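Listed next as structure tokens is one chain, alone, in the form predicted on its own.
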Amino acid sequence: MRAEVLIDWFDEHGRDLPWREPECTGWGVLVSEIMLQQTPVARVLPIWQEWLKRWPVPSALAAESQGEVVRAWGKLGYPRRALRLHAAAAEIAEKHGDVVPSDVDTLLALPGIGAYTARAIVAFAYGKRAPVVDTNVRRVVARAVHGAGDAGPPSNTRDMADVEKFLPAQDAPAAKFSAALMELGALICTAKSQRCADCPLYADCAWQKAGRPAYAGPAKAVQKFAGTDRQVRGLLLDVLRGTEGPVEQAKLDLVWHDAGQRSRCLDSLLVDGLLEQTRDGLFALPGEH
């Protein structure tokens, strides 16, 4: 895999996204990376812009109530990410002078920051050399390097070693290569309907040379939404996000027909800290009662 070929492609075809602009701070990149986990760019973009306008530095978000942060998260899904981001902002403000750290180990010590996010911030916010591996990157490497139809089960050690082999030695090209590899998986080397004819790695792709064999690894779980606890939790949260102050149980009971599932989801929201119950039995977003 020739890094310079992929970097040239990215310079011409990479999407113009605000968190890629030179003036975007480490905080802006951190917020984007948390929001983009399992959520498409099109849904993230307007919410990210609203957040950065409202909370341009970590201390601004940390000063906000958890309830308001959950409310502002809107329809991005997986709302526990909002609470983790709030917790990380508080620690950055308190321990790091309101500046997102620029090294992997310090980032990993922050709440809710894992191996991928830490390395993404180091590469994309600070232009440093770090192997950044997400689902898109794993798929590109599986095809272009290993000749497989898709990547198998993830392994941080193996996956990062795979990418490390192709990273340029210098910081700036390595950071650009990391972004380009991810972009190729998002736009061209997609899970389905891949656009191989437009791929800059086409001539050297091991998957092409092998005749594009179908993926033969373990079956991947298909995520459903309709009727799941995720949907019910979202409906319950919607009631609180659209209301100022606590609400009665009866109002929450209207959102879903299955009382057992509804009760289970309500309990899980309380356990996760996304809702709180008042002394008189009402329900509210955290910190809003």
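Small disclaimer: the values here were computed from a predicted structure and weren't measured. So that there is no doubt, residue numbering starts at 1 and follows the sequence shown.
Absent from the display: the form predicted together with the DNA. The rest refers to it.
**Student:** Might Gln38 be said to contact the DNA in the predicted bound form, defining contact as any heavy atom within 4.5 Å?
**Tutor:** Yes, Gln38 is a contact residue.
**Student:** Answer for His96 alone: is it within 4.5 Å of the DNA in the predicted bound form, judged on heavy atom distances?
**Tutor:** No.
**Student:** Taking heavy atoms only, is Arg81 within 4.5 angstroms of the DNA in the predicted bound form?
**Tutor:** Output for Arg81 is yes: heavy atoms within 4.5 Å of the DNA.
**Student:** Given that the DNA is not shown alongside this chain, does Pro200 nevertheless sit within 4.5 Å of it in the predicted bound form, heavy atom to heavy atom?
**Tutor:** Because no heavy atom of Pro200 falls inside 4.5 Å of the DNA in the predicted bound form, the answer is no.
**Student:** Exactly one residue in Ala174, Leu110, Ala125, Leu85 has a non-hydrogen atom within 4.5 Å of the DNA in the predicted bound form; which is it?
**Tutor:** Contact residue from the list: Leu110.
**Student:** Pick from 162-170, 86-94, 131-139, 204-212: which stretch has a heavy atom within 4.5 Å of the DNA in the predicted bound form?
**Tutor:** Heavy atoms within 4.5 Å of the DNA in the predicted bound form occur in 131-139.
**Student:** Out of 172-204, which residues reach within 4.5 Å of the DNA in the predicted bound form, heavy atoms considered?
**Tutor:** The stretch 172-204, when checked against the DNA in the predicted bound form, contributes Met182, Glu183, Ala186, Ala191, Lys192 at the 4.5 Å heavy-atom cut-off.
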